[in-house]
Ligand SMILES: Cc1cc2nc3c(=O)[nH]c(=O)nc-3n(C[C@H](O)[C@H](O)[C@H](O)COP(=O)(O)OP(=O)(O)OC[C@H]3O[C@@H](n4cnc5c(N)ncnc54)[C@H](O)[C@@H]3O)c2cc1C
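One chain is shown next in structure tokens, namely the form predicted on its own.
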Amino acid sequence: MGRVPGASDRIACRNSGWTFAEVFTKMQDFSAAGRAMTPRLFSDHPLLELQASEQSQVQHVRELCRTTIGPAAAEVAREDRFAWDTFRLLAREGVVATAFPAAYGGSDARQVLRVRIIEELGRVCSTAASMITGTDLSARAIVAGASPALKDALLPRLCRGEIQSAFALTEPSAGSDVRGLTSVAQRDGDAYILNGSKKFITRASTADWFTVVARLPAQGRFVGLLVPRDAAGLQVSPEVGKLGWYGVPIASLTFTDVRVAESHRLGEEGDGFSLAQDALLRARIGHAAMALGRAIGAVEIAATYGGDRQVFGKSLGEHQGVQWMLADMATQIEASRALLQVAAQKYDRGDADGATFASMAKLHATDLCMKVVTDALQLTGGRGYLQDFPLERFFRDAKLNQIGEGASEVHKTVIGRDVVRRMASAERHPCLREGPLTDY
């Protein structure tokens, strides 16, 4: 017997603009796509806003996670070496291509689709999810600012996974505060002489090209430069060990009088800051999606354990205290998914407040993920602490989402400043009388 339409379907109908019959048909079509889908603990309602072709892409990624990426995730995370098999799979199956324009072999994927794809990957494997967010971060400035000749030469190969790029922004004393960068690019005829260092660079050990943001000393502005790996004066450090996120190593870069041709500039002089901000904006949305995927996976694992473990004559999940913990986690995850959906929609529309909502989504989702994974591990007891159990890996991976692409405290500052700035010109609350509030 098929599923009986209910109130949630009618709500989806009103929100989507489709007729009720169309909504129900779409849900039935999606559930039958590829193969019969087993019901999931967390709702697929966000998929209703996607086009049929986009839903098929999510289903394709879901199948890859079920058959290949998920079962291999523990092995991938055993050592911090670039997971070439995972990357090649994602490239071969067109997932890497979602970061690129159709004109260069990509799929022009909207952010509302990409967050669903990254959520699916993050649910089982941080390595796979970070490869998709990392591809976007490392290639976005090339897509936005490279010359037509450079785009023709690089983007199709990046899209197919034949070569890789890395985004070199963070420095020993500057990261989220782009204006604090000290690497300099001095103009020298038809080239730039680049000096400085970069730190915590993902894919530094495997990248063929580096997108570098540096200061123009004479102007006080920033420039984006595309530097080949074999450039004279570029030194890549050995890979640096880290707590989690195995499979995507990091290293440092040093630039000593590296000569970069003017033709390898990204955008115009002074565009470096905006190129970096756009790349970071997309990466922050990606981090939120990855964190939510991991949180979803953690709750699924904890809830499954709650059904299997017997305590005092009944299953762990039948105890009210455990149910309340699961209720809090599930409710907060769904709330965070809704916020992330809004942030993705705002990016796709180009809304002026898109950056603030990206910070909100990143802050909320990554902090929530850390709490959810910790609570899920607590529910599973000693098993959760074992390396053979997925939550140990989830726990180690969750922390970096709170730090990468701007720590939670940075985003609180961004959001708070925006609230104070906008309040100066916003509508005054109607319950207040005229005059300063200090007169009350």
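For every residue, the number given is its place in the sequence shown, counted from 1. Here the structure is a predicted model, which means the values were calculated and not measured.
Here the subject shifts to the form predicted together with the named molecule, a form of this protein not shown in this document.
- The three residues D136, L281 and Y347 each lack any heavy atom within 4.5 Å of the named molecule in the predicted complex.
- In terms of contact with the named molecule in the predicted complex, the residue from M329, I250, A91, I117 that brings a heavy atom within 4.5 Å is I250.
- Listed residues G175, G196, G306, G145 were compared with the named molecule in the predicted complex; G175 is the one with a heavy atom within 4.5 Å.
- Just one listed stretch, out of 410-418, 56-64, 369-377, 384-392, contacts the named molecule in the predicted complex at the 4.5 Å heavy atom level, and that stretch is 410-418.
- Looking at A302, you'd find every heavy atom of it more than 4.5 angstroms from the named molecule in the predicted complex.
- Looking at K242, you'd find a heavy atom of it within 4.5 angstroms of the named molecule in the predicted complex.
- Mapping the unseen interface onto this chain, A168 counts among the residues with a heavy atom inside 4.5 Å of the named molecule in the predicted complex.
- Although the partner is absent here, T202 is a contact residue: one of its heavy atoms lies within 4.5 angstroms of the named molecule in the predicted complex.
- Looking at 81-104, no residue comes within 4.5 Å of the named molecule in the predicted complex, counting any heavy atom.
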